Each structure stands twice: as C-alpha cells, then as structure tokens.
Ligand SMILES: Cc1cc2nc3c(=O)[nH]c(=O)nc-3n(C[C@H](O)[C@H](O)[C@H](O)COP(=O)(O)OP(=O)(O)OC[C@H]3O[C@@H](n4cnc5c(N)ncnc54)[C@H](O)[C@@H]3O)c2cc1C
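We begin with a single chain expressed as structure tokens, specifically the form predicted alone.
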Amino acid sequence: MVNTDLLVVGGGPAGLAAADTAASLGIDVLLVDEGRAVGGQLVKQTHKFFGSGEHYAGVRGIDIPKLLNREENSQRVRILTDTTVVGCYEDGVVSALTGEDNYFKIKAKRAIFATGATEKFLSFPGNDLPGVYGAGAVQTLMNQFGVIPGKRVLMVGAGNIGIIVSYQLLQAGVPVAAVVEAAPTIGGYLVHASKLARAGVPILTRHTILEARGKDAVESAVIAQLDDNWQVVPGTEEEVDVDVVCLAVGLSPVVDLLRQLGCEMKYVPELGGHVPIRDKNLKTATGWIYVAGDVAGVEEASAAMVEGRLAGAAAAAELGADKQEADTVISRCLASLDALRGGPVGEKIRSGIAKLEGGAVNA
C-alpha cells in the first residue's frame, strides 16, 4: 500500500497545475498518469497560447508541462508515468497498474481527479473505413510522431479543435479541402479561423458529412447543406475527393472512475455530458475527492490549468497548508475563471455551470 497526502490522477494541464500548487503550499503529492510522459493534450499543441501571462500567453502548449513541473517542487511531487488507475473503492483505496505487471494500491487523504475527456464520434455510412480519424488522433500522429494522416483532408467541426488541427495540417503540408460545421456559426476562436480563411480553406457552416466512400479506405466524402431544422437540403449533396475524414465534433468528460467512487453526476450538454456535482472549489459530495479540468466540464486548457490550481489549493488547505496562503490562491483562481468565462465566448460554459449548480441529480 502506497500512502500519500494528495493523489492526483492525470498528468495533463489540470493535474500538473494541481500538483504544482499543492506542493508549493507544502503538501506531498503522488501524481499518476497512464502516458509515457506527463502533459496530456499539451504535448500535441504546437500553437502559442493567448490571454495573459498567468495563462502562459505566447508559450506553445508543448512547452507548458515543464513550466508546471518545477524543479523546486520535485521533492514534494512524485510522478508515476505509464501508470493507470484501474479501480476505486468506497473505503478510499485506489488500485493502479504500472506497466503490465506492477499492481499496487494507494491510500490518499485527498484525491484530485483530472482524467480529461474523450472524443465524440458521428454515425454515417463508411465511418469505419480506414482514413476516418478523431482530431486528437491526427494531432498525435503529426505532432508527436511526425506522421501525416493522408494526402487531403475533410475536417468535420469548426470548434477550436477542428480549426486548430486544420491549420496544423496545412503547416504539415496536407491540404484541407473544407471544414464543415453543422451549426450556423463557427464555434472556434475567430483568430484561428481567420488563418484558415487567409489560406483559402472554405469553412462551410450549416453543412454536414453524409457518407465516407471507398473500397478499402476513404477515397471521397459526401457533404450537404442543412436547413434551420438540421435537415439536409435536397440537391445540395457534393462529393469531395479526400482520403482522410477528421472528426472534431466535441469531447465527453471521462468520469468512469468517479462513477466507481459513487460521485453524483448530472447531465449538462453545455459541459460535454455527464459531469460530477461539486462546489465552487471543485470538491465533490464524496468528501475526499476533487475534480479539475475537462472531467469537470469541457473547456479550454487555460481554464483547466486554473481549475487545477483551484482544486490543488483547496485540497491543500484541508490537508493542513497555511490557510491564508491557500485562500489567496483560491480567490485568485476564482477571479481568473470568471475572466476566462466572461463575454460571448464563455456564455455556453456559464450556462452549463448554472445548470450544474441549480438543478437536481439525474444520473
């Protein structure tokens, strides 16, 4: 049995920020991550962040993990990579597996689950053909392993992920035939969409994919226009020559472990699906468990890092850290989240959080 004050599950932006903050407040942390290295989705993000210095504006995502894994905290943060949490129990014991055969148990006084999110997919004829990818898989191929997914791509989804991955494809020399988006407006930041427009990539709102065609792999895709009732407009079907269909149609929080622990859930579409019910400091009703990042509701990486710091400070306060110092961090994080979620861009998130805080449990 491994005993620790604070267990952090997940070494992405939220988990790293949580561990860094708790350690800086004097708490010993065990962080486990199933990947070969920490960083989560940050290791695929070659673009520069924007916002303020607090949110690492001007820093590329791939460079942020080392800023969150500081040398001065190395004596307090123990990191286990290639380690998957495989079971959680009501008595507070967590079981984990490092590699293929090193099975062990963890007993933590507090835990922060920062398990992220998984990609959603669409149902359409041919969606099982080789050449149909999730956007995260395309990012992994290109940005981690230097492999291009194909020769010409149709992107489905004009949120931030779809827009950014489309631009990364262009940077890698892979033409993007079009970006189709079922909604009437582009969901991603316009600063990224403008880069695509300047490169001549059409972004077709109120359009969808009907079918991927090919014998042994994708050879083309059929797209069509949608009306205001989300129905295909007859006669607008168009076949596009592509060998890759990339789906960027949203993320769902990974809540499986939290369900094992009996955490109460609520379905909030604006936050990506089922999310754990928690208070403003991200503490769940299962007293010793906190959440942070996409598992608490799908947002941008900047918000995930702030949530990690918030949960890390709140958990540290309960574990005996200086209350005044912890409260200062908590206040700063709450103000930062308000700023990130302000304006029209944050309206969807604000609506989701209002539903989460005001409604009854339905799952």
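Note that residue numbering follows the sequence shown and begins at 1. The structure presented is a predicted model; accordingly, all values stated were derived computationally and were not measured.
One more form of this protein exists, namely the form predicted together with the ligand; it is left out here, but the text below deals with it.
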Using heavy atoms only and a 4.5 Å cut-off, determine which of Asp28, Asp63, Glu54, Glu34 is in contact with the ligand in the predicted complex.
Glu34
Partner-free chain; cross-checking the ligand in the predicted complex, the single residue of Gly273, Gly116, Pro276, Gly157 with a heavy atom within 4.5 Å is Gly116
Going by a heavy atom distance of 4.5 Å, is Gln41 a contact of the ligand in the predicted complex?
yes
Even though the partner isn't displayed, in the predicted complex is Thr83 close enough to the ligand, meaning a heavy atom within 4.5 Å?
yes
Within a 4.5 Å heavy atom cut-off, is His47 in contact with the ligand in the predicted complex?
yes
Verify the contact flag for Ala19: yes if a non-hydrogen atom of it lies within 4.5 Å of a non-hydrogen atom of the ligand in the predicted complex, no if not.
no
Taking the partner as it appears in the predicted complex, which of 149 to 157, 104 to 112, 261 to 269, 163 to 171 has residues with heavy atoms within 4.5 Å of the ligand?
163 to 171
Going by heavy atoms, what in 304 to 329 lies within 4.5 angstroms of the ligand in the predicted complex?
Ala304
